[in-house]
Ligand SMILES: NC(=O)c1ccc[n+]([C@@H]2O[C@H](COP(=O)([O-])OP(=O)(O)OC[C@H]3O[C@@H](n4cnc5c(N)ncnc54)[C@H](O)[C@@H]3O)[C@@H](O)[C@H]2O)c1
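We begin with a single chain expressed as structure tokens, specifically the form predicted alone.
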Amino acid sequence: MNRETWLITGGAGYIGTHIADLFIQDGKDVVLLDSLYQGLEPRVNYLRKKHNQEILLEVVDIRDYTAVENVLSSHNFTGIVHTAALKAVGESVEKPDEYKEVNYTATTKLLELAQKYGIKKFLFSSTAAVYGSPDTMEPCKENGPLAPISPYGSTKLDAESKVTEFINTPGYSGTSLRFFNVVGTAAQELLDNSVENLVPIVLGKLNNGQAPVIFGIDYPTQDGTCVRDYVDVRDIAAAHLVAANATSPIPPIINVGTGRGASVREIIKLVLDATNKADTEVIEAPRRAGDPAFLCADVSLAAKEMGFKSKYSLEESIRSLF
């Protein structure tokens, strides 16, 4: 059998490199495409060393369609894993046009090019931000209400519809995987450098000798702080591998989470315990606009249709960071 070759956009990113790591372990060849705006080449160097092989990194902006087409035309790709995106909710409010360009328009163009070059499989990294701010304490179902409250969430939702069109074309396959809050790492070299995610934010504060901040302590949750579904990046990568290896059609939209919620207060406690700073003061501040009280995944579809369940506990995810 011929070895599969996959293009991973955003391939030098936190999630992209974890997917690449697993795909290589599974015997696939990967080509990584990344602008290095948020991606880091040292992550790719780590994978090259770990797997003792050359891994091609094409430094290309996903909006440079000529360069992207050159990459697609010069390889015989089995499929594309599309993780390249702008993903800061706050920034998306300031730069809605740029977010639309990167997250929606570039995805649409990539799908057109995939069809042009006969690439039949497409896996799209989507987000729980498409659910917006649910006013319920029930886990989000894929076919439930969608009401993104940021241009980030809207552009990802619009891109999903284009991916679904592609998947529904006879002969084509794939899915959009909606990630909840991603944590953990397979190696120190692949750590999340995002300033958007709670755990890196708390660690950043501690490293600077500052107190972590909880925004809102009066939510209708067990301890008054927001509850989220934290899923390990290694589980995210595993979900992509299961989707890539699927031999029969899978649903066009699938949640990837744990189905369990953890509060902001619990997360901060876990990080403080892991860093031996349990006695650190935590600042309580008013709520931020748009933060839902509860945002967790209903993960029954992934289990039923892909046989996929997350396996890492939140404690394991936090421990992996140290």
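Just so you know, these numbers come straight off a predicted model, no measurement behind them. Heads up: residue numbers just count along the shown sequence, starting at 1.
Keep in mind that the form predicted in complex with the named molecule is missing from the display, and what follows is about it.
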Contact assignment for the named molecule in the predicted complex, among Thr185, Asn181, Thr105, Ser133, heavy atom within 4.5 Å: Asn181
One residue of Arg287, Arg48, Lys277, Arg63 in contact with the named molecule, assessed in the predicted complex (non-hydrogen atom, 4.5 angstroms): Arg63
Location of the named molecule contact in the predicted complex, chosen stretch of 48-56, 268-276, 32-40, 293-301 [non-hydrogen atom, 4.5 Å]: 32-40
4.5 Å heavy atom contact with the named molecule in the predicted complex for all of Gly13, Ser125 and Lys156: yes
Thr78 within 4.5 Å of the named molecule in the predicted complex, heavy atoms: no
4.5 angstroms heavy atom contact with the named molecule in the predicted complex for Tyr152: yes
Partner contact for Arg234 in the predicted complex: the named molecule, 4.5 angstroms, heavy atom: no
Interface membership of Arg228, the named molecule in the predicted complex, 4.5 Å heavy atom rule: no
Interface residues of 80-108 toward the named molecule, as seen in the predicted complex [heavy atoms, 4.5 Å]: Thr83, Ala84, Ala85, Leu86, Lys87, Val102
